[in-house]
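Below you will find one chain, with nothing else, as structure tokens; this is the form predicted alone, and questions on how it binds or moves follow later.
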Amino acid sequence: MADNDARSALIAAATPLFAAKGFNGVSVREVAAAAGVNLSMISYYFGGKEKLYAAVLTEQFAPLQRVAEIQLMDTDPLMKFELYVRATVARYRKNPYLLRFYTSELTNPTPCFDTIVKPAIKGVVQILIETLRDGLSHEKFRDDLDPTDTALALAGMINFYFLLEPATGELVDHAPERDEELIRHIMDIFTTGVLR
């Protein structure tokens, strides 16, 4: 197995294991067996379980950095929020383990929380706050809105929708085919609360 193949296999095997069991619930033997590699490869490529976990989190949270691209676009603040909603829905469809890492790190943080998870989340929230401030300064949104509370409410609405998916399957169809409808509903709820 080539170097990159073994490293990639370890990350691919570790991701669902860490997502399901958390950092402390997974052994290096279990990861090595799932990846089909020698146990020593974890130390060779990552220097141990902690750095393997950090590599998994880095990969999982990397798509959040793309939210900065939305902020740089020359478009209306409300369109930026719609693009954020679309990107978030797409992110959860492409990274089904991401929410498990969110909840695990928020409720039982590892040392990776301060270096990987918190900066990623904080960066997204700061971009949403800046977008709200831009909309407020151009009188697009209600002037009595608190940008931080509003940004957290929007992020929370989307994240909680996907977080509740296992418990609400009988109540709502969570199929990807409904994503456009979901995006429209989120934007309707959001804009009803923020527009002048």
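Heads up, when I say rigid core I mean the largest set of C-alphas that superpose within 1.5 Å between the two forms. In this text, residue numbers run from 1 along the sequence as written. What you are looking at is a predicted structure, and each value in this text was computed from that prediction instead of being measured.
The form predicted in complex with a further copy of the same chain exists for this protein as well; it is not shown, and the discussion that follows is about that form.
Within 4.5 Å of a further copy of the same chain in the predicted complex, a heavy atom is found for not a single one of Ile11, Glu50 and Thr115. Only one of the listed residues (Ala62, Ala34, Ala68, Ala153) places a non-hydrogen atom within 4.5 angstroms of a further copy of the same chain in the predicted complex, and that residue is Ala153. Although the partner is absent here, Pro96 is not a contact residue: none of its heavy atoms lies within 4.5 angstroms of a further copy of the same chain in the predicted complex. In the predicted complex, no heavy atom of Pro176 sits within 4.5 Å of a further copy of the same chain.
In the predicted complex, Pro109 approaches a further copy of the same chain with a heavy atom inside 4.5 Å. Contact between Phe160 and a further copy of the same chain in the predicted complex is found at the 4.5 Å heavy atom cutoff.
With contact defined as any non-hydrogen atom lying within 4.5 angstroms of a further copy of the same chain in the predicted complex, the contacting residues in 11-25 are Phe18, Ala19, Ala20, Lys21, Gly22, Asn24, Gly25, given in sequence order. Once both forms are fitted on their rigid core, the CA atom of Val172 lies 2 Å or more apart between the shown form and the other one.
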